[in-house]
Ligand SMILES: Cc1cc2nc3c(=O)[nH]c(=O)nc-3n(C[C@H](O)[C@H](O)[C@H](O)COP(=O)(O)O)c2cc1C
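Starting off, we have a lone chain in the form predicted on its own, written out as structure tokens.
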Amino acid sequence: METTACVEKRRTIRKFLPKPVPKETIAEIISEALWAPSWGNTQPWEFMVVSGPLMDKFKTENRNALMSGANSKPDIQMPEKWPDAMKSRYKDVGRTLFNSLSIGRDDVEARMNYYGEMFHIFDAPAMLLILLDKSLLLEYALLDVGLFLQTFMLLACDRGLGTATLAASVHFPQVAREVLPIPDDKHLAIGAAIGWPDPEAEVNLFERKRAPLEELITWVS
């Protein structure tokens, strides 16, 4: 697949087929994605690929933590406020997403069930966790994490795989640390679901939007 086609085709997948992804395939994608740039070629990232029984256990415990109202303290805190333009885009994609699932604005139960699916990692067969050493300046290292993750997702898309970058995968780090062998000296940066997209699921097909160029770019000469 051409690079431009991969960039335009890649999207967040929220429903996967019940089909495992071979370990060798994930290893190949990570190996190729290691060519992503990083500051001074420091390559600060480390990875944990989760699948099988431990993946099932993590998904269940992570969802239970959400539904039980457990306290959350992610290693990397999410922002609580967004500029108006960004908040508008966020609300727009949420509205389109719930419309694709025929979930009404006031259907609190259905919305909560959707969030439960999100924290169940959309039932993906595998998950990539990106770890960072606690000694790093996180704000800077996260730039490199983003470069790696985009490269990984494009390479996965090229193989017909789907991905979903999920803050929900690291929202309850205590769950991850209880279930998975995460070293004490590592931060949980972000996780991504990996699997084969369900080609008929409306939630994988709704129209996506991007801000017009004139809103985002200033030409200076």
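Predicted, not measured: the structure shown is a model, and the values here were computed from it. Residue positions are given as counts along the sequence shown, with the first one as 1.
The same protein also has a form predicted in complex with the named molecule, omitted here; what follows describes it.
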{"query": "Options 32 to 40, 59 to 67, 45 to 53, 165 to 173; stretch whose heavy atom lies within 4.5 Å of the named molecule in the predicted bound form", "finding": "165 to 173"}
{"query": "Non-hydrogen atom within 4.5 angstroms of the named molecule in the predicted bound form for each of R11, V93 and M118", "finding": "yes"}
{"query": "Partner contact for R208 in the predicted bound form: the named molecule, 4.5 angstroms, heavy atom", "finding": "yes"}
{"query": "F98, heavy atom within 4.5 angstroms of the named molecule in the predicted bound form", "finding": "no"}
{"query": "Heavy atom of F148 within 4.5 Å of the named molecule in the predicted bound form", "finding": "no"}
{"query": "Contact test in the predicted bound form: L155 vs the named molecule, heavy atoms, 4.5 Å", "finding": "no"}
{"query": "Within 112 to 128, the residues that have a heavy atom no more than 4.5 Å from the named molecule in the predicted bound form", "finding": "Y114, M118, F122"}
